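Only one chain is given next, in structure tokens, and it is the form predicted on its own.
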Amino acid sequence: MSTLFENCRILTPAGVITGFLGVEGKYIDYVGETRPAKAYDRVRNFTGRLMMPAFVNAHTHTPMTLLRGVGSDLSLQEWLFGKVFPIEDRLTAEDINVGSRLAALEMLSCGTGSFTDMYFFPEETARVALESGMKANLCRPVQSFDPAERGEDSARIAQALDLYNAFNGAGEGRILVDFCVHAEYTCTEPVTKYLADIVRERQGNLHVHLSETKKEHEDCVKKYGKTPARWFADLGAFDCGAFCAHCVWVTEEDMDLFLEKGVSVVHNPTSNMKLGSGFAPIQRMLDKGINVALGTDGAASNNNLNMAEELHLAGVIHNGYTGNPTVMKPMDLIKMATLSGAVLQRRYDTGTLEAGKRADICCVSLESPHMQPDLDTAALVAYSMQASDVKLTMVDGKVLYENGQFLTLDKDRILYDVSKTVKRLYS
């Protein structure tokens, strides 16, 4: 099936044009201001619509939709250890499936086509991603609190390898399996090094939390005489490439290390502000040439999975914090929310609207009052767009969400299952 979208605004790498976008199977086969000569199976008039790359949520914990609102107004340590971990201890594989399905509804309706997830029972999230039609990079986080534990004896590493063997490349490549150390403060050196060796052998991708809070960063320096970034690097964890979430308290030397090792950073502005973690030096990273993507973090610390909101905040908070309104530019912000996330996921055939790229597309209405007048379309996306403006989300040429309708998921059934799960968890 081929489709031509006509009379639409199109956000291309070179800027915004008005014209035509053609999709053949899983790929974009035409982008231009003049009508293509090819005959398409169907033609859709998208006047008043903007076609842009689907969002990539580069760091989240999707099943935590079930913990939305838990432990608000607490520090990270109090929130994690006092509120989140006790509930997580009660979560079952079925709960993870329910929470992931709820997250898929939310993300698709917000224009997200791909996400990077870190949570337990990740095989359930993989099944949800396959069912929904979304793309996902998944991992089983490894933790170790026993100094005597050896990597070869780690049940979590065994589970991570089982996930890799079972799901990496599933769904014709829509599912990619990464590896993960939850954080420096939740894992020992021997287990981290053992996993780093596995990642290097498989040329894998490593996902970690890093320097999210001042306490985490300073405690690592006191314990090891080095920053979390240097701790991971010295254990070989960055030798094959990696990506680090948060990076709020990183040093200049840490950022140079990221650039040297090809490490990507995921910025989580809402979560960092909500938990009082601080302001990551994002512009310094961009100036150095570090690949910086955007993520929502989990719904328990955000409290939503709305990438349009994340895009907006990533711009305004850094302008305000630095006192410089030119620090973050609309096209740079959009790139962080799309192409940079795709690069982090090692999906090099998507993230932009160009012929030959995967048809991973978000369609946004420009007809709402807050989207008028359209004098600078990129600025509208960065500063005016709301999730409700998303009218269509397409992945690999397949429409998964359109005009409030979910085409691969049963919304009513999911909400019913969520209500049952929440009642059991919190009664």
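Throughout, we count residues from 1 along the sequence that is shown. Source: prediction; values computed, not measured.
A second form of this protein, the form predicted together with another copy of the chain, is not displayed here; the remarks below concern that form.
- Candidate site formed by 65, 76 and 329: every one of these residues places a non-hydrogen atom within 4.5 angstroms of another copy of the chain in the model of the complex.
- Contact annotation for residue 319: at least one heavy atom lies within 4.5 Å of another copy of the chain in the model of the complex.
- For the chain shown alone, residue 14 is not a contact residue for another copy of the chain in the model of the complex, no non-hydrogen atom being within 4.5 angstroms.
- Residue contact with another copy of the chain in the model of the complex: residue 105 places a heavy atom within 4.5 Å of it.
- Of the heavy atoms in residue 198, none are within 4.5 Å of another copy of the chain in the model of the complex.
- Only one of 39 to 47, 367 to 375, 26 to 34, 53 to 61 lies within 4.5 Å of another copy of the chain in the model of the complex by heavy atoms, and it is 367 to 375.
- Checked against another copy of the chain in the model of the complex, the residues 313, 161, 257, 130 give one hit for a heavy atom within 4.5 Å, which is 313.
- Scanning 273, 170, 80, 221 against another copy of the chain in the model of the complex with a 4.5 Å heavy atom cut-off leaves one residue, 273.
- Taking another copy of the chain as positioned in the model of the complex, the residues of 284 to 307 that bring a heavy atom within 4.5 Å of it are, in sequence order, 302, 303, 304, 306.
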